[in-house]
Structure formats: structure tokens, C-alpha cells
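We begin with a single chain expressed as C-alpha cells, specifically the form predicted on its own.
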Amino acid sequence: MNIDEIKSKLNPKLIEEIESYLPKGTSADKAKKVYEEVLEEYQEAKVSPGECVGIITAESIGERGTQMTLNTFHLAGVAEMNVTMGLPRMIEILDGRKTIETPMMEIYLNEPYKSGKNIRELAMQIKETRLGEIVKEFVIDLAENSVAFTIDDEKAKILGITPSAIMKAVEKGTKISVKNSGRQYVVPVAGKDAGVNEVYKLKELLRNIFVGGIKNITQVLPIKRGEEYLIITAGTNLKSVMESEAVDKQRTISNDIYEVYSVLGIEAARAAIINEMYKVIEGQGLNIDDRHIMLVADMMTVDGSIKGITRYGIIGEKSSVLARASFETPIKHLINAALVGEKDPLNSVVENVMINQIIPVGTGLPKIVMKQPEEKK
């Protein structure tokens, strides 16, 4: 078999990888030997026709899942940053939940920040800042029905927040025009009949007005990993973070799969499901074959959107009536199928087990009809 015939039996990604690893000037005989060995490994790694890949994957993940400890939180290698791990995190991923318990990001940086220069200032600029964090004091004036506040100029300078940005944010948040006299800002209470309660409510409203940074990033923690510095965050806002010139867009990740999907697309969401599952499994000291995780991720993203392994996700969209009925709420599925005259082709495992037929996997897959010899009269 020549090298071109071997290449025709391999997929393009494998060929690309082989060629990237082969040193320049490799002789044709040596290259052929490498291709032959890769082809042999590739043929052995292929799944046999009729192999129950879904059931093996379910056993592989399920058995390890039952061994998993129920520790909800696990320190992500650094102090003060709790992240949901273990079984609760695995359930979160496989259910395809839109709201997760502890959203976080790992923000990788470009030079000079990844060498540690000005990383604290950058981290503080990424963190969302509320007005209360940069105000020295609030002064309530009950005679004038107004709230005045003084800005800590040093803090505002570090965070890159200008007086005009503060005025704009306050006016947007309160829908009231602000008076600025030097370093003091005065906000009157709207309405003539405003009482003490309204003044105190205005103070609390002012305290929580968003004035700078990136929304939803509630905590930041610069850490050193290997030779470079990166920023771990509590809270996630992938789109806004990626707009920064200081951020390495190719490596920055979020653990919120739906956010990855909305910003980077379904292929990135599939990769995020695989990576997040792998982190949980590795964090518990377990070992599951990568291909099993990949199969689950493929099932969750196969139609271009994220679907959890729930009755409303993948299970609810199975073509087989009996397979849907076997999971949860059987009567509902059977009645709906009967009303529209739905047919079940009995192509999978569950429905054939239910009606006591040979399942179409393994040795049950081939349909062999034997021709009986005719008896002589």
C-alpha cells in the first residue's frame, strides 16, 4: 500500500497532525512507516458496527458519578474563590442549566500584563464598581430633601473613573439631574411631597449605581500559573472582557456554557462542555475516557443549540414514542402520540426491550435470511 492509499483511509485532521510533527527532510520510507503505524492505531480505535456506545458511555460516567463525593464547593487552587465542583457541577453541566451557581472566568492576558506589570490595576478596572465603593461619605440633607456625596479621587483615578462618567451614571440610574460643586455631588429627591423615607431610599439607590468596570464581575483575583499571570473572576461577562486590548482572546474562558454559546457559537459551547466535564472528573481524581465525554457533548449540541439530558431537552426530542415514555411522564407521551397517530419505528434499544424484541445492536444488528434447501419429493 503506497502513502496516498494510506492517507485516503485517515481523516484530514490526523494527516495534518502527522505532517506537523514530521521533521523537515524526512525520507519517504520513514514517513510511510509513520503513516502505517498511525493507520494501524486508527483502525484499532474505531468503534465496531453495532457497538452500544451510548450505554457504555452511560455506564462509564454513571459508575464514576456514584463514586463522586457530594462536596459542593472546592477551592479553585487559590484563596477566597469558591467554585461549585463534584456531583452538583456535573448535574449543572449535563442538565444544560442556563443559570449556574458559581459563574467564573479565567482571563489570560497579553504583554506586559501577563508578566505581572500593572496587573492589580488592570484587575481593579475589570471588576464592576458601584458608586458606594468610591464614595468617601454620603450626607443626607432633610431640609433640602437631597443626598450629597464626596468622591475618593485616589480610588477613582486607579479605577479610571472620571467625574463626567460618575455624573452620567448617576443621572442615568436615578433619572434626576445632578449638581456638581467641586468635589461634592448633590442629588435632590424627585417630587415635592418627598419624605424622609424617599431620601434614604435615594441614598441606597445611589450606593448601588454601576459606575465603571465590567458588569457582573463581582470579584477579581490575579494569580500566577506557571510562568505567567492571569486573572480569575467571580461572575462572568465574556463579551465585554474580550473587548479589552489587554486580554488574550484565544485562551480566555468562562464556565458558563450558555454564555460561551451566545458569544462564540455552538462549536465553542461543545468544547466548553467537554472541558468543564473533564475539570470535574479530574478534580475528583477519577478517570473517564475522553470519547465518552465527547459523545455526551455531541448529543447536547448536535442540532446547533444546547439541550440538557432532561425530559425537556434531548429525551423530549427522541423520535421514538416508547423511548420518551420510558424516561418520565409516560402517560402524557402515549396520549399525545395516540392523538396524532404517531408511529414508532423501533430503531433503538429501549423500545425493543419494552416489547421484548431483539435489540438492533451488536449481534442483533445484522438481518440475515437463510435460504433453506428444498426437500426432494
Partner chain sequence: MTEIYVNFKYAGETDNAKGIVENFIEQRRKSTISSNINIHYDEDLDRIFIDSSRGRVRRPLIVVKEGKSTLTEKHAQMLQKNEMTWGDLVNQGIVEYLDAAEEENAFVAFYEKDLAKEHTHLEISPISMLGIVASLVPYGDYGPGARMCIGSKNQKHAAGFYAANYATRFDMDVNLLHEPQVPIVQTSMYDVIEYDKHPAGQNVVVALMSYKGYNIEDAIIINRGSLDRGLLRSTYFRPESTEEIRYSGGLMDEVGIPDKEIKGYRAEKDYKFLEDDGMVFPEAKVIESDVVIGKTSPPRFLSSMDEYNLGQNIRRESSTAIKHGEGGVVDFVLITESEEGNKLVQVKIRDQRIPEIGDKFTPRHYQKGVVGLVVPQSDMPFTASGLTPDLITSPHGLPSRMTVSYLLEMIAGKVGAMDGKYINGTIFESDPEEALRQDLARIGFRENGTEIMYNGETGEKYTARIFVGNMFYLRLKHMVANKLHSRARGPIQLLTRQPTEGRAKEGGLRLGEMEKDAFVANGAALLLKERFDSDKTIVPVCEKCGSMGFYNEYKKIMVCPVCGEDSEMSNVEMAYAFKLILDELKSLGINPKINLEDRY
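Numbering follows the first chain given and starts at 1. Quick caveat: nothing in here was measured; it's all calculated off a predicted structure.
Missing here is the form predicted together with the partner chain; even so, the following discussion is about that form.
Taking the partner as it appears in the predicted bound form, which of 348-356, 41-49, 304-312, 28-36 has residues with heavy atoms within 4.5 Å of the partner chain?
The contacting stretch here is 348-356.
| Even though the partner chain is not shown here, does Glu59 get within 4.5 Å of it in the predicted bound form, heavy atoms only? | Within the cut-off, so yes.
**Prompt:** With the cut-off set at 4.5 Å between non-hydrogen atoms, does Thr363 touch the partner chain in the predicted bound form?
**Reply:** Looking in the predicted bound form, residue contacts with the partner chain include Thr363, since a heavy atom lies within 4.5 Å.
> Might Lys367 be said to contact the partner chain in the predicted bound form, defining contact as any heavy atom within 4.5 Å?
Replying inline: Close contact exists here: in the predicted bound form, Lys367 approaches the partner chain to within 4.5 Å, heavy atoms only.
Is Leu322 near the partner chain? Define near as a heavy atom within 4.5 Å, in the predicted bound form.
Contact check for Leu322: yes, within 4.5 Å of the partner chain in the predicted bound form.
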